[in-house]
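Each of two forms of one protein chain follows alone as structure tokens, named structure 1 and structure 2.
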Structure 1
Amino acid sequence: MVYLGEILLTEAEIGGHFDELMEWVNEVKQLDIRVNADTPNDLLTAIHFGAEGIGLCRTEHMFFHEERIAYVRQMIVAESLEERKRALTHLKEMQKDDFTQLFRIAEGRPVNIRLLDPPLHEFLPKAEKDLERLAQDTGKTLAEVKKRVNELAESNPMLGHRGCRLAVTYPEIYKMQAEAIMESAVQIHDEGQKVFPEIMIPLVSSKEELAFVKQEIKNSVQAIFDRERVLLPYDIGTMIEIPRACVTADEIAKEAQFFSFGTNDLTQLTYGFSRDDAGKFLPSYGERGILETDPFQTLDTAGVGALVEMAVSRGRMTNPNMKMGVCGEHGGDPRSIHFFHKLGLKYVSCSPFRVPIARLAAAQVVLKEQAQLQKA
């Protein structure tokens, strides 16, 4: 049905039958359902729907606001450590404020904070007015800024200088974020509240890369604990979203306290379908019956899922009790959730409004298994 004009909307009613159904769901489901949230509002909504923590806070999303993106741009175009540190000082204050709010709302539930993973094309300025603003902010001429932006432009940004690669080149970026996370956590702890941060490193492809980045983060965290004379529990782990990370998961597990499967990038990199461009050709695959479903919506269990399965079993060879979850879009898709349950993962994480569906799917797969057992 198509409606002409704007439809009157009402808030989803929580309570009554919904609550009763969700109580049954909680008695049965084994997977935890977390939320992908970067704002207090999203987290509040998700907790209202029964989310059991944050599975992914994309920190780069915290900077999309016009005032904030200015500092990210300054950080990106910086040509010296000094220039970069100047931008990072501003970003740190913003991040501390953001994290403190999230920790307060989470009330001790795990909060998984993914360190910066900005595909450069999403952050570099293109419009003339943004280039002019950047010139003003950095004290460079417009021509100098344009030259720098051109130098930084990439042919394949999704495969470029993003994720932990940024921290290999510029360790001070993740250092700033680790400090912001832990200083906020200490503040919450001092207020008498529980807090459990999980620090997540994106786009890891090797044990050595993870070890380097992790050590820098651990040093920063330890310096805060020493200064504040406090010791708080926290985990450092990695996203598993590159096929090589799946294949070498036994090695990577030596350096990680948790794995979180980034099935968006893992799908992109396994199929070789660009996330930004697939919309142009995937519909033909559907029409011609080549693909039954969009693999960015429902996990391709035969290919991408096989890699996830390999990473789970290899990771567990090193650390049988490792915490593993999913934070790609598939974490909110019922068919994919069934698959993740069967792999014995601890949690899936999805957008706030998918939390109830994810909870239901997590219970349905258990009931299905029980019914099959009874039949056998």
Structure 2
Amino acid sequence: MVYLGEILLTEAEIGGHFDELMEWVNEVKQLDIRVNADTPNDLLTAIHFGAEGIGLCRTEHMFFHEERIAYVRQMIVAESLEERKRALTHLKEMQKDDFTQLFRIAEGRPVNIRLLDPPLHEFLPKAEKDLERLAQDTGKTLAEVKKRVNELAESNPMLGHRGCRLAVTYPEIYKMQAEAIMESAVQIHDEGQKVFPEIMIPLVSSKEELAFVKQEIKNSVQAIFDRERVLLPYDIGTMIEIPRACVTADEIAKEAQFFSFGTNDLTQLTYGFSRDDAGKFLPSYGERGILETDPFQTLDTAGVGALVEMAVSRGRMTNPNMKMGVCGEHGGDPRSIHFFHKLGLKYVSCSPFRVPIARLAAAQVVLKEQAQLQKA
């Protein structure tokens, strides 16, 4: 049936049979269901649907706000540490406001915050008028700004200078974010509310990478604790999204307090498919029976899933009690959730409106296992 014109919408009401069903779900499911949320509204919506914390807060989304992007660009084109730190000081105060709001709404639920992930060039302007504005803001010539923009251009940004690689080159960026997180946590603690931040370092491929970045963050956090005379619980872990990280997970687990599987990038890097471009050819793969499902929608358990399973197994060899979860889009897909449950993961994280579906799928897999045991 097709309707012409705008359809009147109403706010979904939670209660009645929905609440009753979700109570049954909570009694059965073993996986925690978290949300991918970057804004207070996303988190409020997810908690409304029963989310048990944030599994992925993408800090780069906070940087694109109109009032912030100018400082981000000033940070990127800076030619000295002092110049870069001036821009980071402004960004830190803005990030503190973001994190304080999220911690307050979370009310003690875990909040997993991924540090800056995309390549820096994504934040830079392309239009001439915006380049001129950046030159004016930084006191540089237009030619100098254009030169810097050209220097940051990458042939393959997906495989380039991003994630933890930024922190190896510019440690002050992640240090600023860590300070913003923990100073916000201290503020919430002082308000008498529980707070539990999880600081996630993205795109790690080796233990040495993680160890370097982690130590920089720990030094910054400890300085805050010493200054404020307080000690708060927090974790530092990594996003597992590179095949090498899966293969060497036993080594990486020596430095990580948690693993969060970024199955979007792990799928890209395992298949060699660009998620942004695969839509041009994946329909043909489906029509010809080459792929049963879109691997970006439902986890490829034979390939990508085998890497996840390897990482889980190897990580537990080093740290049997390590917290492990999933924050890719597959965290909201019922078939993928069944696979993650069988691996014994702690949680899956998905978009706000998929939280009820994820909760239901997590309970269904337990009931299915119980039914199979009874038959046996």
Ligand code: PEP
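If you superpose the two forms and keep the largest set of C-alpha atoms that fall within 1.5 Å, you have the rigid core. Being a predicted model, the structure only gives us computed values, none of them experimental. Residues are numbered by position in structure 1's sequence, first residue being 1.
Looking at both structures, it is structure 2 that matches the form predicted on its own. In this overlay on the rigid core, residue 128 has a C-alpha that sits 2 Å or more away from its partner position between structure 1 and structure 2.
Once the rigid core is overlaid between structure 1 and structure 2, residue 119 counts among the residues whose Cα shifts by 2 Å or more.
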